[in-house]
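This document contains two forms of one protein chain, each encoded as structure tokens and listed individually as structure 1 and structure 2.
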Structure 1
Amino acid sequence: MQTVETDFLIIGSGIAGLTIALRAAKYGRVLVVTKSEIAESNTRWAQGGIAAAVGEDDSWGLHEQDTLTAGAGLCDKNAVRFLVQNAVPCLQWLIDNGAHFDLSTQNGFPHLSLGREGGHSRNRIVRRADQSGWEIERALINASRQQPNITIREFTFVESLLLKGSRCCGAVARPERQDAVCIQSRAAFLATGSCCQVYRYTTNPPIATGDGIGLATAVGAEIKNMEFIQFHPTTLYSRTHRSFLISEAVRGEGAILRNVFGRRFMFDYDPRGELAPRDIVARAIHAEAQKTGSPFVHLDMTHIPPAELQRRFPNILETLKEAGIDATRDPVPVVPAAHYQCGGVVTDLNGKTNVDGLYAAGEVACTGVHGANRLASNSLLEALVFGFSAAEHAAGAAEPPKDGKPARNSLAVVPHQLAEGVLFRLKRLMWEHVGIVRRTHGLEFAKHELEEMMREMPVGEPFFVRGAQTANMLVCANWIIQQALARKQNVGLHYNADLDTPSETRDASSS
């Protein structure tokens, strides 16, 4: 097996991975590996923007309080304060690296144009129309390609991490249609994003298969809060077109949720109406759909001036038009879909895991910022802030040992002939029994079914990417189910209809 040496190995090329790469490049050689093309990441599809207290009527203290409120008492307060206090300088770094955001004129001078989303007490969303993630990814890719210390390997799948004793010292990767490569590094960073492809309906791209959770599990990294899967309340409902996220910012601009009979219903569930946190909105839509017998509700933006909609949401309007919907004239049918993984690989403020030499940042990580529910537009910020700190901390990492061994899960690859069938069963199982509203017997059934699926898989199968991704999704599903069963109180994104319900979530979940 060919051996490659680098100082810093980064697995993933979204905002977390490329931020780490650009910061770490000051201290040594950086190798970024990504299983698809460099631009294909969850970051690219983010519509909303980055939350930062840059407005005159705002402060990091208010941002902190909004984050803690959304997290329903389970946030790590030190992590939240670290996030909000570092938001503005990290945002400025992003702008200095070429990211362009919308501006407005105040007193004759240009200022960042700030949007507002659910759970925020102030306008603090820095955005680029409805393509903020695309703009951030564009800027970071351009900056990375201009940095001589950064090497990028696209279409390269990491199948296992290397361990020497208890220390992570690199990874085994497989470039497309080539033999495996052993990569030795002083520090390895997981920036692999989400596992939301375990669900039948998701806003995430096909790459979101939880590979980082699979890799981390195999080396004994701590995994926490996986039961807190955020379901985005408003994705396009269509029998003929792909699922498409309709940004929370649309509701922030005044869009209204109505049931199929035209009745506005959100104030029946929460005094904040359409601007309630996402878990409450998603459960309210679920409850309203059950009441009316319809699989969807309507998002109505027809009262907003068309010119304003076109200015703020050109990509959304165009995509809806391709599906035959003129959102300036017609309400949009929407349903919730799996959107964001709030838990993951546990890290400290420096992105460090409990495995020496292994770091994590972005959606794969559990920093403690989100608690039981992520505040809108804190995700890109979290990846940026903790990507910064992880790179700076890893600069002091020692040279790696030279004879690390691959650490693989017992189920490393699902056989080629079984992969698609396993995925179909898994996605349906998770959607029906481990989704927006859960029940204890459903979780127990899902646990039993998943165990059966894993027992049916033969060990030692030849490697292929789809099989390895499927194995990783089985690992992720197991974490979600086990931690959902262990959670004995309804809080944030976890709602079990068989448990007592706190007053804040009871109305949003009733049927």
Structure 2
Amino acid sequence: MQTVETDFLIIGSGIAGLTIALRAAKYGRVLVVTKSEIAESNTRWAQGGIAAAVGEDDSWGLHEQDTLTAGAGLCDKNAVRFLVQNAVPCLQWLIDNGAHFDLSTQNGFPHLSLGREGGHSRNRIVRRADQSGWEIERALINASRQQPNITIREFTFVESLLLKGSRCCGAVARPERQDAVCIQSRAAFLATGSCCQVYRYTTNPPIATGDGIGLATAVGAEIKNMEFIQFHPTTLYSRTHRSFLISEAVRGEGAILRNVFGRRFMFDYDPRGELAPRDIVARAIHAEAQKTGSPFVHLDMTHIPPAELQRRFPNILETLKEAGIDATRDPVPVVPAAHYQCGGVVTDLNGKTNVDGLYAAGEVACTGVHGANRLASNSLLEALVFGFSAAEHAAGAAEPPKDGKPARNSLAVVPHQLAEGVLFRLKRLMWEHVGIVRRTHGLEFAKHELEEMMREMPVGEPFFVRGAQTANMLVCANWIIQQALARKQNVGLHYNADLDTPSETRDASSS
């Protein structure tokens, strides 16, 4: 196998990966390996924005309090403080690297125009219309391409990490239609994003297959809080079009949820109606869909002036139009969908995992910032802040041992002829039994079914990307089910209808 040497190996090219790359480039050679084209990531689809206490009436203390409230008692307080105290300098760094955000004029001077989302006590969402993530991704790609110390390899899939004793010393990667390459590095960074593709309905793009959790599991990294999956209440329901998120802000502007018979139903569930916290809205839609026997409900914005909708949500209107829906005239069919993975690979404030030489940042990581529920727009910020600290910490990493071996999970690749069938079964299983409303017997059934699926799988199969991704999704599903079964109290995003404790629902609605 061909061997490549670098100082810092970064797996993933979303906000976490490219932030680490740009910071680490000051200290040595950086290789960014990404499995699709560089921009394809959860980052590019983020609509809302990035939270930072930059308003005159705001402070990191208020941002800290809101984050802790959303996390329902399970946040790591040190991590939260680290996040909010570093938010403004990191945002400034992003702007210095070319990200443009919306401005408004106050007293004749331009200021960042700040939005408000559920759970924030102040206006603190820095945004670029409804395409904030795209703007951030664009700026970071541009900056990375200008940095001579950074090499980017697109369409290159990392299949395993290299391990020597308990030290991670690189990875094995497969460039498309080429042989595997062994990459030796002083430090390896998982910036691989989420695993929400394990669910039948998700807002995440197809790359979100939880590979980082699969890679980390194989080297014995600690994985935590995987039961806390955030479901977004309103995504487009379509048999022909890709699932697409319709931001909370549309309900903030007055859009109404109606069942398929046209009846407004949210007040049956919560006095705050459509503006109830996200998990309440998701559960209400789930309940209403079950009652009416329809897989979706409607989001009605036809009473809002079209010009206003066009000004606030140009991208949403355009995407709905491509799906054949004119939202200014017709109600939009919506369904909740898996949106954000709060848990992941456990890291400290420096993004370090319990495996020497291995770091993680962004959605794949569990820094402790989100606890049991994520506060709106804290995820892009978390990737930025912890990406920064991880790169700085790794600057001093020692030379790697040269003879590391690839670490694989027992199920390295799901065979070609089985992969699509396994995925179909898995996504259904997770949606029906490990989704928005869980039950103990459903979780146990899912555990049993998953074990069956894993037992039926032949071992030693030849490599192909879809098979490796499917194997990683099985690993992720296993973590979610195990940790959901172990959680004996309803808290934050974990809701098991068989537990008598009420869910600690806080307003953590987010985009």
Ligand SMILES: Cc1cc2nc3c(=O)[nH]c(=O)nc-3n(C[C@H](O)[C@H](O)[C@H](O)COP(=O)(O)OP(=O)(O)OC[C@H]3O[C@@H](n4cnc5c(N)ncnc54)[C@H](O)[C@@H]3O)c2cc1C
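Take the two forms, find the largest set of C-alpha atoms that superpose within 1.5 Å, and that set is the rigid core. As the structure is a computational prediction, the values presented were derived from the model and not from experiment. All residue numbers here follow the sequence of structure 1, with the first residue given the number 1.
Chemist: Which of these two, 1 or 2, is the form predicted alone?
Modeler: Form predicted alone: structure 1.
Chemist: Looking at the motion between structures 1 and 2, would you put residue 113 and residue 48 in the same rigid part?
Modeler: Yes, residue 48 belongs to the same rigid part as residue 113 (C-alpha assigned to the better-fitting superposition).
Chemist: Can you work out the angle, in degrees, by which the smaller rigid part turns relative to the larger one between structures 1 and 2?
Modeler: Smaller part versus larger part, rotated 16 degrees.
Chemist: Quick one: how many Å does the C-alpha of residue 266 shift between structures 1 and 2 once the rigid core is superposed?
Modeler: The alpha-carbon displacement, core-superposed, is 4.8 Å.
Chemist: What does the CA of residue 326 shift by between structures 1 and 2 after fitting on the core? Give it in Å to one decimal.
Modeler: With the cores aligned, its C-alpha sits 3.4 Å away.
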